[in-house]
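Here you get one chain, nothing else, as structure tokens; it is the form predicted alone.
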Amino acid sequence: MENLGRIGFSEEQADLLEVAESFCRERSPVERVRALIRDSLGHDPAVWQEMAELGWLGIAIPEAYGGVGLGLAEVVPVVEQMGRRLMAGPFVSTTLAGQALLAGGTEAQKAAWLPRLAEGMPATLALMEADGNWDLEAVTATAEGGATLSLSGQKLFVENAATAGLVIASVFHDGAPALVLIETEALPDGALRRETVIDETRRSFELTLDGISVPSSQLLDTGKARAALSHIHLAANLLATAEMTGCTQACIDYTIDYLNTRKQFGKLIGSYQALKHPSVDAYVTYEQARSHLYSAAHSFTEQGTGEVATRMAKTAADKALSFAADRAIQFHGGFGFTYDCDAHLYRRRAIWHASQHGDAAWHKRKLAQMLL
């Protein structure tokens, strides 16, 4: 029974899954998703406030800092349902900023910022750079100085930066990687530039650090920086896996609905084996990915085991969503290549997640180094 529990739901996960499924279905129908693509903000502030009132932003924040006191394992079912409905917003970036503070912040920094995140202040991370290196310790942006730090460099793929109250950026300081807090209200004009990215449901920005100065007190604990970056990397992959898994389920549902509606030569196209067999394959890979997801969620805090499970889960989810989305486009024929077909929304989501924090091939190489 203990082994079965490793990939099952806890009571808290089951409750959150039920609430999140209903909430995301009602607040993020695909028509709303498409409307928000054309919206400059990219998400609905009223829905964001509802999430805060539900306590979701504090799920993985300890009660001492105004949170619920659970962990990332309980965040997973919420993000899974967001992915299923392609729900936009800064939930994941804010959750990851909270994890950065928990793993690397000083006590004063955690006391100052975590309650604000739990109450609904959006936040984000600035980790990626122009070389596209998924090793978060490979930092070229710098922080130099004594009591006042002068920042320089550029960060890419800073999600939701325009609406965030806080950005946590990785920099090179005193010969080692470090993390620094930047309040967005202090950013100079022109520091943020919106990027055009493959997943149009997201709002991603380039952040120029040149000309930004912050007190040295806004450095996170430098002695914990490497461990914090490692934790952020795995947490980001766990939540990306949850989003991709939910997205895969929606993609398969969308495709099956079409196969059971479209007729060709007087028969429903879903009755043809050439379409039935790949559909079954897509569903099998989805179930495998979901099992990996909840196994990783269960063991995430276990040293060594959690990392292996998370990398395996990201690899499985990458494969599952890419395959399901490719088949969705193919099975919809000519319509599948048009902007009106929802299949491209799922394929774009798959490409985006493959570009962030490691694709399947990269994680497989990491696993080979760990296991062989």
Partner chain sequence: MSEVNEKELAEFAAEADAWFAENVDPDPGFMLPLTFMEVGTDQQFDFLRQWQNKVWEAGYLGAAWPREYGGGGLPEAFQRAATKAMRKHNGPIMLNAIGLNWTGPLLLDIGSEAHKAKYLKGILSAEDIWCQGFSEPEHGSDLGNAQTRAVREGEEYVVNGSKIWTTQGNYAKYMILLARTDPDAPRKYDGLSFFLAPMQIPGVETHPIRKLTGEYGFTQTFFTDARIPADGLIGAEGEGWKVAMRTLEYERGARGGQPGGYVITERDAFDVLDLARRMMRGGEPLMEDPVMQDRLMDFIIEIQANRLCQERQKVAPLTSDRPMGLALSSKLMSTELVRRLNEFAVTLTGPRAGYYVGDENAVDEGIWARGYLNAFSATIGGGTSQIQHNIIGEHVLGLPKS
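All values reported here derive from a predicted model rather than from experimental measurement. Residue numbers count along the first chain shown, from 1.
Another form exists, predicted in complex with the partner chain; not displayed. Remarks below refer to it.
Residue Ser291 is the only one of Thr163, Thr201, Ser152, Ser291 with a heavy atom lying within 4.5 Å of the partner chain in the model of the complex.
Checked against the partner chain in the model of the complex, the candidates Thr106, Gln264, Ser213, Thr301 yield a single residue with a heavy atom inside 4.5 Å, and that residue is Gln264. By the criterion of a heavy atom within 4.5 Å, Trp56 is excluded from the residues contacting the partner chain in the model of the complex. In the model of the complex, the partner chain stays beyond 4.5 Å of every heavy atom belonging to Ala186. Put simply, Pro45 is far from the partner chain in the model of the complex: not one heavy atom of it is within 4.5 Å. Residue contact with the partner chain in the model of the complex: Gln99 places no heavy atom within 4.5 Å of it. Residues with any non-hydrogen atom within 4.5 angstroms of the partner chain in the model of the complex fall in just one of 222 to 230, 113 to 121, 174 to 182, 131 to 139: 131 to 139.
Along 333 to 358, these residues reach a heavy atom to within 4.5 Å of the partner chain in the model of the complex: Gly333, Gly334, Phe335, Gly336, Phe337, Thr338, Tyr339, His344, Arg347, Arg348, Ile351, Trp352, Ser355, Gln356.
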